[in-house]
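This document opens with one chain alone, in structure tokens, the form predicted on its own.
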């Protein structure tokens, strides 16, 4: 598709490619490693969730271990996963509205190192514009007209990527935001069936539009449930099977981030990471990648490194939100 910030030469071609996808009801369960093979170097990958919520860490873990390179990554708000994507060499271009480990820890020192030294690119849009760009992609239209960013300095940062028009009905000036159509979307959910019918609890963020806008969707899920269970609560199925290409059961698949109703963030773990990267952004993130991404034999081994105490504490706090 070329550079993620520019539209394809023929948007109709993109729609045609999307139209011929296999949308049949078929089993799509596979391993993290098998799902990672769906992503090729240089592609545009969208990440579901927001900040530390439902980040598809397990899938990103597999991509980093697979040695992917030069991915353009987009997300509504990027957290620690952006640090790891930059430092591992998986991505050299991130499109988002904010890049921070979280309000508690402030702006990412790793991001500052990579962008200030021109090693990688941080393309900043407003939060509203990110949502509208995914919405345009989901609707199959090449751009979305809006007033968002017209009075903001953020508009000046992306001046080469946006155009203006005069509304033919009102004569108002409007900004035209180019659609975002990722090659692959990575989305983590609370539960899904083997066909890819996904049910979300809590905030949905931009995930529904991302799933509709992407050429392919990889779901990781806390647990795979039967299609009969899915059909008992059809109103909770937010992402339908016809958009999904792979389903991976990955318990604690967002850890050390949170998954609403299942577990809260692993605050002590994230605090230790923040302190290490504050002291030395390069050495801190490299040490973290070696310990938690390169050395574990498998996902279970990764979870064991997080620690049983941390897993149980995060689970207790997560369940208390929905049970109290």
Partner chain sequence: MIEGANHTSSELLAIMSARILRDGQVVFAGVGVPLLAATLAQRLHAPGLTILFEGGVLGPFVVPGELPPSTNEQRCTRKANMILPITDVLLLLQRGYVDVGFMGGAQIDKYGNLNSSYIGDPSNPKIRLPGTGGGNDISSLTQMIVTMKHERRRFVEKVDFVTSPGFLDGGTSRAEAGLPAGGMFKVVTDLAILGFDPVTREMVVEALHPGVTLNEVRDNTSFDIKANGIETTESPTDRELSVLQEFDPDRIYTA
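Positions refer to the first chain, counted from 1. Under this definition, the rigid core comprises the largest set of C-alpha atoms superposing within 1.5 Å between the forms. This one's a predicted model, so the numbers in the text were calculated from it and none came from an experiment.
Missing here is the form predicted in complex with the partner chain; even so, the following discussion is about that form.
Contact with the partner chain, judged by heavy atoms within 4.5 Å in the predicted bound form, is confined among 280 to 288, 35 to 43, 265 to 273, 293 to 301 to 265 to 273.
Within 4.5 Å of any heavy atom of the partner chain in the predicted bound form lies no heavy atom of residue 88. Contact annotation for residue 92: none of its heavy atoms lies within 4.5 Å of the partner chain in the predicted bound form. Interface residue remark: residue 194 is not counted as part of the site for the partner chain in the predicted bound form, having no heavy atom within 4.5 Å. Remark: residue 157 counts among the residues lining the partner chain in the predicted bound form, judged by a heavy atom distance of 4.5 Å or less. For the stretch 50 to 75, the set of residues having any non-hydrogen atom within 4.5 angstroms of the partner chain in the predicted bound form comprises 50, 51, 52, 53, in sequence order. Fitting the two forms on the rigid core leaves the C-alpha of residue 168 displaced by under 2 angstroms between this form and the one not shown. After superposition on the rigid core, the Cα atom of residue 152 is displaced by 2 Å or more between this form and the one not shown.
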